[in-house]
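Below you'll find only one chain, the form predicted on its own, shown as structure tokens.
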């Protein structure tokens, strides 16, 4: 796999939108060609080379291309957005929309990311060693299609509204999570190794939430349905099972309702 390294040399005064920072967009291009590609600051069109140094060589296809980003990208949006294959490695923090709408490939962030990471993700893998902001793996605002496939791993904490409208895939959180997890979900799995505040699985019709820590406030629409011993995220534990959200209409199987499942470690 060929590697191109993109290093920030000048911080933009305002937030910079770089939806070309994907293997799909850069495959087959030389370093000097990449430096001439457009990025946007509001209505202003700039060049990649105005803010970043570019070295190395891409592969002939996106599948054979690895992009390595070095530096502070907290004013850069859309890294890895809409990528379908290849690999992205970010050594630093980034702003919003990392891996948004991605359908394949792998993104590794050695740092933290802003809001709306992996928006409507439909495949691939996103690994974050730091924290993630609000709306991780959620639907875009005004839409009802959240994460449907793929895997997201966050070693640290996650903000609010994680996995809103999720229909599939898996999110594993090493730390704590804020309010509203899997709101309106219709499938998928969220594993939380830390603590949660409240409103887990609100208005969810299907899907699974596994919580190893504590929850400040339980949703009133979840009813205890037994206990089970499971190995989740490499850890074996006994969980109390809750069915919900009882206030929603649920699909049925053989005449019985199918509920979202909330598993709380005993």
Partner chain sequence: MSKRLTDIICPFCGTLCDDIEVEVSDDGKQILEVYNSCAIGSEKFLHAQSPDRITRPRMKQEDGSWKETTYEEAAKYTAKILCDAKKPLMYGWSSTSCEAQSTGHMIAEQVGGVLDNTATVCHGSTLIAMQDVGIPSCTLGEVKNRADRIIFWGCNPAHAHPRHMSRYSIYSRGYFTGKGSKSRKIIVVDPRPTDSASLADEYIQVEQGRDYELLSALRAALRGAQLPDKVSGVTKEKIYEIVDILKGGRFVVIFFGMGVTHSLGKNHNIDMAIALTADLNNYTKASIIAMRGHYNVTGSGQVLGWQFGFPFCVDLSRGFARYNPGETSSNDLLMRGEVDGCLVVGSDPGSHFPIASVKKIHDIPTVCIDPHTTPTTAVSTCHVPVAIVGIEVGGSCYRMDNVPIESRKVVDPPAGMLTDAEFLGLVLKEVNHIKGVAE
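For clarity, every value in this text was computed on a predicted model and none was experimentally measured. Residue numbers count along the first chain shown, from 1.
Omitted from view is the form predicted in complex with its partner chain, to which the following refers.
Asker: Work out which of 183, 167, 85, 131 lies within 4.5 Å of its partner chain in the model of the complex, going by heavy atoms.
Answerer: Partner contact (heavy atom, 4.5 Å) among the options: 183.
Asker: For the spot marked by 77, 95 and 223, is every residue within 4.5 Å of its partner chain in the model of the complex through some heavy atom?
Answerer: Looking in the model of the complex, the three residues 77, 95 and 223 all sit within 4.5 Å of its partner chain (heavy atoms).
Asker: Please determine, with the chain shown alone, which of 147 to 155, 104 to 112, 186 to 194, 133 to 141 has non-hydrogen atoms within 4.5 Å of its partner chain in the model of the complex.
Answerer: Of the stretches listed, the one contacting the partner is 133 to 141.
Asker: Given that the partner is absent here, does residue 179 sit within 4.5 Å of its partner chain in the model of the complex, heavy atoms only?
Answerer: Yes.
Asker: Can any non-hydrogen atom of residue 17 be found within 4.5 angstroms of its partner chain in the model of the complex?
Answerer: So residue 17 counts as contacting its partner chain.
Asker: In the model of the complex, does residue 73 come within 4.5 Å of its partner chain, counting heavy atoms only?
Answerer: Judged by the heavy-atom cut-off of 4.5 Å, residue 73 is well away from its partner chain in the model of the complex.
Asker: Whether residue 217 contacts its partner chain in the model of the complex should be assessed with a 4.5 Å heavy atom distance threshold; does it?
Answerer: The answer is yes: residue 217 has a heavy atom within 4.5 Å of its partner chain.
Asker: Go through 14 to 49 residue by residue and record those having a heavy atom within 4.5 Å of its partner chain in the model of the complex; state none if no residue qualifies.
Answerer: Counting only heavy atoms within 4.5 Å of its partner chain in the model of the complex, the contacting residues of 14 to 49 are 14, 15, 17, 19, 40, 41, 42, 43, 44, 46.
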